[in-house]
Structures are given as C-alpha cells and as structure tokens.
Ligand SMILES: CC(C)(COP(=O)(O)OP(=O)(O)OC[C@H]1O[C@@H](n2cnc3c(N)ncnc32)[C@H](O)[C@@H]1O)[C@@H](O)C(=O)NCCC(=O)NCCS
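Coming up is one lone chain in structure tokens, specifically the form predicted alone.
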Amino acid sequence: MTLRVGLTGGIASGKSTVSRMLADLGAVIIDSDLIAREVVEPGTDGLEEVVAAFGEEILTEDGALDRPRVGAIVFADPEKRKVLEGIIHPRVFMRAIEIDEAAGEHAVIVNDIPLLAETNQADRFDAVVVVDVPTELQVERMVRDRGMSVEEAESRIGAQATREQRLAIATYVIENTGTLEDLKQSVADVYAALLARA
C-alpha cells in the first residue's frame, strides 16, 4: 500500500534537511517549493499571470521572476500575498498530483509542503509529519544563516501558521533542536513508523 505523507515545518525549522533524509531512506519526495519555482519559470503561463498581476518590475533582466522583490511585496501586503498564492497554489497542487500518479506503487510518498497548515491540506494525507523548533531558534537561524534582520525574520514567521496550528495537525513531530545526528535518528524512527503503517 502507498502511504501519502504531508511534511511541513516553519521557516528555518530544518524541514528541507528532513526531506533529504527521508529521500535517502527511500521515500519519494514531492517538493512543493521546487514545483512552485517550476510553475513560474520563464515561458510558463504561471509567470505570465504573475506579471499581469504585479507588473513587469518583478522580473529580473533575463526575464525570470525576481524572488526577493516579490517576497518583499507579498510579505508586506496580505492581499497581494493572496493574489500570488491564488496563481501558484493550484498549479503546484495539480503538478504534485501528476508526480504522485507517476510514482506508481511506492511505500511512502512524502509531500514537502511549507504551507500545509495554512492551506488546510492535512486531510489529504494518511499522516502528517511536522518539523518543530521554538520560534526564538527560527529567528536565530534566519539571522545567522540567511542574513535577515530580527524584524524581517519575525515578520516571515508571523506570516506563517503558528507552532500550535502546525502541531495540531501532526501525526508525528520531529524536534529539531539537537545535533544533526539527533535529527537523523528522529527521522529514521519516524520513517520506520511510516513504513510499518504502509
């Protein structure tokens, strides 16, 4: 039986690292962030629609989407963020379904979805894995690893679901506050539990 799993976590929680570890263990990964980039690549109708909504100034010189510029616009204005999500989310959703169908009979298919709680998709999955860290650790990592100011970091975190909202939909929680080895062990334990269910 194929077990469909949703994987989520707040920004700078280590969700991408967990996703890679699950792939190494044998899971098929459907990466929504990656798909979200693909659906607005130059030449796509997705990019055309984003330009129609936000204007030519959101393009780089070579005609690609200027992500930092778009990020600055939509994180400052919830209405504009809704517009962008309305263009991107349906396309990501359809592409994820195509990849899922192409995977065939595979024990564990993991959908890596940063905004799983925000988009109310938990019910689509047999299990939801949440990578959890305290908010202050998220801020610390974003300042250290992404060069953001504390204000920027807090604003990005504030635009996402709260820890409580994510934990409320979790079947399994992976705490990412220790070492990489600790994380590897936690991921292996959760994967073993998922395989047992599949």
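On a predicted model such as this, the values are computed, not experimentally measured, just so you know. Quick note: we count residues from 1 along the sequence shown, nothing fancier.
Only in words, not in the display: the form predicted in complex with the ligand, which the text now covers.
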Item to check | Contact of R156 with the ligand in the predicted complex (heavy atom, 4.5 Å) | outcome: yes
Checklist entry - Do Q160 and the ligand share at least one heavy atom pair within 4.5 Å in the predicted complex? => result yes
Next on the checklist: in the predicted complex, does L25 come within 4.5 Å of the ligand, counting heavy atoms only?
Outcome noted: no
Item to check | G71 within 4.5 Å of the ligand in the predicted complex, heavy atoms | outcome: yes
Item to check | Site test, F125, T171 and V187 vs the ligand in the predicted complex, non-hydrogen atom cutoff 4.5 Å | outcome: no
Checklist outcome for this item: Applying a 4.5 angstroms cut-off on non-hydrogen atoms, the residues of 66-85 near the ligand in the predicted complex are R67, V70, G71, V74, F75, R81, L84, E85
